[in-house]
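This document starts with one chain, in the form predicted on its own, laid out as structure tokens.
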């Protein structure tokens, strides 16, 4: 499959691959490099290998991959498999009309085509409410609620299935825009965790972000070359999310000064030490028994709020 032009800019017809000196098909201004398809795949895999060296994993450690059906998670699952890691996918159906059905089917199709294991769960079954239910019953920022629920349930389900490592498809754009937002808002507690690796703690799986060195456009190109079909639409509930505004700001700077996103994120990470597992949650949730920093975990707090608003005071566990 030929890629003559990318969204980064026009590639001259006479351009040569930086690596093999053959005809270039991919232009990466932030790297001052051009690649043919084969050499781009080498570049992509090397970026993931370099990221994986930051994570204290053993070669045979099994990895649970959070699979949404989008390009990032499917590219992540693909490249980890190519590099020889044992993986299993985990998909949580959020219950967003139309979007969730397409996401589920893209995840299933990818797993079937590569004979990979994939577990499916429904947020409605796990939590008692779909994301559509939550959106209609709360004034909270839905993206924030969704992110918290996905983090909590991904951890619980990974532990339940015997995995101690969870990999997510966060890319360089995601991490740089999140970093910008947290710096501008002086969110010290979030900045303390602004690292592509978070260690395991009792009852908590370690988190890794193997794509943090790769831009969103580079991941799109990888999927195109590898013939990976994914959900291209953005989540319909994410309209107005502030993370998009920060990313648009970085994209503007990137268009004027290629490499800005990389310099911003990597420069910050160079000042950070990898987090340790010294910090241990102080207690367990009094309702569901999950590891928590407070007497009632975030999942149960939201569930109590939703059931009260719905006129149904429910006692018991948030499964």
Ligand code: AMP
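This is a predicted model, so every value here is computed, not measured. Positions refer to the first chain, counted from 1.
Keep in mind that the form predicted together with this ligand is not shown, yet the notes after this line are about it.
Stretch 91-99 is the answer when you ask which of 195-203, 91-99, 180-188, 224-232 has residues with heavy atoms within 4.5 Å of this ligand in the predicted bound form. Residue-level contacts in the predicted bound form: of 154, 241, 126, 145, one residue has a heavy atom within 4.5 Å of this ligand, and it is 154. A single residue from the set 108, 150, 137, 220 has any heavy atom within 4.5 angstroms of this ligand in the predicted bound form; that residue is 150. Interface residue remark: residue 26 is not counted as part of the site for this ligand in the predicted bound form, having no heavy atom within 4.5 Å. Heavy atoms of residue 68 reach within 4.5 Å of this ligand in the predicted bound form, making it an interface residue.
At a distance threshold of 4.5 angstroms between non-hydrogen atoms, residue 168 is in contact with this ligand in the predicted bound form.
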